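Next up: a single chain in structure tokens, the form predicted alone.
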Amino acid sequence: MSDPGSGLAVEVRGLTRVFDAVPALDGVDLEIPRGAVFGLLGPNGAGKTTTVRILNGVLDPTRVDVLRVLGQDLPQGADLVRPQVGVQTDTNLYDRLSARANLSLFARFYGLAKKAADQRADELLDMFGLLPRAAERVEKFSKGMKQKLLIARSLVGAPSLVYLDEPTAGLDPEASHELMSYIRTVSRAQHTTFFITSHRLDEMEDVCTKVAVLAGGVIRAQGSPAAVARAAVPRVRVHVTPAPGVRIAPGELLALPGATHAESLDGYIAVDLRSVRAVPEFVRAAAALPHDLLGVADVPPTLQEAYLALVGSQPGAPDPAPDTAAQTGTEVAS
């Protein structure tokens, strides 16, 4: 049964895949809205590649309750889904052909006539800032340019859903930021859904509208990056910044209502509070101190902190015992 009108690009319930009696995926649930930029995060061996292969119809699940992509139930609807899906891999470019010829060739595979294929190639090259280099052989391109071209190639068939595997691997921070900006732009402008696997947590936090943390074949948390971070890292922290020339001892802030720890850092004092409810009273008390302050700012936990809390500090590290709401794998409210 298919549901083309669903607001979900991917809907999975109870996905299990077993290899040699060992579960690579164990009851995975996922919901990815259409038009989202979704990040699947996890250590090596967590089951990310297995998940993508199953969603692509390359691999069958051992057991599953619901497996629906772009409104089609898999595996029976795989042939209807494939033309709507783009996949970025490292082996989809011909180095001796120009950038335009590469994209035009793949556009022809999607049934476009030569003129339309060339036009589509130039549209994508322009979108990714490569049009001035369209006639150059790909073998002359930098790593960053090739990555852009690979993602452009995955978009050549105007897919509704695009899978990207470590799209910024090997890129410098500037090139990575630029590439992720293109992904965000395409998602918003064309309502394209992106499914990204990556270890670059700072990038995922910036670009993703939703993430899921996968470890040991189990989804530990999913939701917006901010919601996942808040659920996995329950600490509440504020930064108190004094005016230039003003000195405040951490002990003065530690004595205020709700404070549990205070530490002087570079230009500000970091204060941990016992709960979110303690913030208003602490802010009022800080403002009443006989010191000039530039501000008191809430500092939310980061996605990296959440990731480390959920799966440990090293790739492949033993999974910690589930002791927070986020670790149940349930949807975290945004």
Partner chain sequence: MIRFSRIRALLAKDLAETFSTAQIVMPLIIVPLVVVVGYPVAFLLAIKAAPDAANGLKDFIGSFPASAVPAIPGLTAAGRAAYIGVVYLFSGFFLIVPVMFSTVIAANSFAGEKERRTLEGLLYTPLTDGELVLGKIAASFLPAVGFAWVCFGIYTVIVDVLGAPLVGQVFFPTMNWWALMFLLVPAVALFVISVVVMISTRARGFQEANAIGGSIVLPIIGVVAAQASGVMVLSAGVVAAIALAFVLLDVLLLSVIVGAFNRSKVVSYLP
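Residue numbers count along the first chain shown, from 1. Please read all numbers here as calculations on a predicted model, not as lab measurements. Between two forms, the rigid core is defined as the largest C-alpha subset superposing within 1.5 Å.
What comes next is about the form predicted in complex with its partner chain, which does not appear here.
**Q** So in the predicted complex, is its partner chain close enough to residue 106 to count as touching (4.5 Å, heavy atoms)?
**A** So residue 106 counts as contacting its partner chain.
**Q** Give a yes or no for residue 302: in the predicted complex, does one of its heavy atoms lie within 4.5 Å of a heavy atom belonging to its partner chain?
**A** Judged by the heavy-atom cut-off of 4.5 Å, residue 302 is well away from its partner chain in the predicted complex.
**Q** Is there a heavy atom of residue 181 lying 4.5 Å or less from a heavy atom of its partner chain in the predicted complex?
**A** Taking the distances in the predicted complex, the answer for residue 181 is no, it never comes within 4.5 Å of its partner chain.
**Q** Tell me, yes or no, whether residue 66 is in contact with its partner chain in the predicted complex, where a contact means a heavy atom of each within 4.5 Å.
**A** Judged by the heavy-atom cut-off of 4.5 Å, residue 66 is well away from its partner chain in the predicted complex.
**Q** Which pick from 201, 227, 87, 145 sits with a heavy atom within 4.5 Å of its partner chain in the predicted complex?
**A** Filtering the options by heavy-atom distance leaves 87.
**Q** Which residue among 92, 76, 119, 241 has a heavy atom within 4.5 angstroms of its partner chain in the predicted complex?
**A** None of the others qualify; the residue that does is 92.
**Q** Okay, which stretch from 125-133, 169-177, 241-249, 96-104 lines its partner chain in the predicted complex, with non-hydrogen atoms inside 4.5 Å?
**A** Of the options given, it is 96-104.
**Q** Pull the contact list for 71-85: residues with a heavy atom within 4.5 Å of its partner chain in the predicted complex, in sequence order.
**A** In sequence order, 79, 82, 83 come within 4.5 Å of the partner.
**Q** Can we say the CA of residue 263 moves by at least 2 Å between this form and the one not shown when the core is superposed?
**A** False for residue 263: its C-alpha shift is below 2 Å.
**Q** Core-aligned, is the CA shift for residue 146 between this form and the one not shown 2 angstroms or more?
**A** The answer is yes, as the C-alpha of residue 146 shifts between this form and the one not shown by 2 Å or more after core alignment.
**Q** Examine residue 97 after superposing the rigid core and state whether its CA is displaced by 2 Å or more between this form and the one not shown.
**A** Yes, its C-alpha moves 2 Å or more.
**Q** Flagged pair residue 187/residue 143: C-alpha distance shifts by 3 angstroms or more in the predicted complex. Which direction, closer or farther?
**A** Here the pair is closer than in the predicted complex; there, farther apart.
**Q** Answer with closer or farther for the CA-CA spacing of residue 184 and residue 139 in the predicted complex compared to the shown form; it moves by 3 Å or more.
**A** Result: farther.
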